[in-house]
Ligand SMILES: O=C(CO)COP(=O)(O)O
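Only one chain is shown below, in structure tokens, and it's the form predicted on its own.
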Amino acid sequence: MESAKPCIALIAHDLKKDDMADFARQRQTALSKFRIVATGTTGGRVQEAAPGLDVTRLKSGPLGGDQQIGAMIATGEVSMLVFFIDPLSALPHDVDVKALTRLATVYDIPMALNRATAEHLIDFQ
């Protein structure tokens, strides 16, 4: 049975996971209006920070979680992407990151790559 709530994807690079957890804790009320999918570790951190949220954990990003979310964007299941990237660290799976942000652009869904944008998108919904 499909949820009536829109689906949002949450992803955070390693050095941004604390920021994502804090974002989820502070914006729990706004995020509760969404069904959330998240890559593995990020999803766990969000669940710990905001246990009342409806979070489905997928695989870790480098192990296929980014592709799982990309497929969900392509099928129209995910309607917003919040991806806290760390622009100052080398990313061994940078190709996966580019593919995911490309899909979000191709399918024209709202995408936040930092907290300030994410807060505006969440507040706007």
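From 1 onward, residues are counted along the sequence shown. Here the structure is a predicted model, which is why all the values come from computation and not from measurement.
The form predicted in complex with the named molecule exists for this protein as well; it is not shown, and the discussion that follows is about that form.
This chain is displayed without the named molecule, yet in the model of the complex the stretch 61 to 69 from 22 to 30, 74 to 82, 61 to 69, 47 to 55 comes within 4.5 Å of it by heavy atoms. Although the partner is absent here, residue 99 sits far enough away that none of its heavy atoms falls within 4.5 Å of the named molecule in the model of the complex.
Proximity of residue 16 to the named molecule in the model of the complex falls outside the 4.5 Å heavy atom cutoff. In the model of the complex, the named molecule sits within 4.5 Å of a heavy atom of residue 12. Contacts with the named molecule in the model of the complex, taken as any heavy atom within 4.5 Å, map within 31 to 48 to 39, 40, 41, 42.
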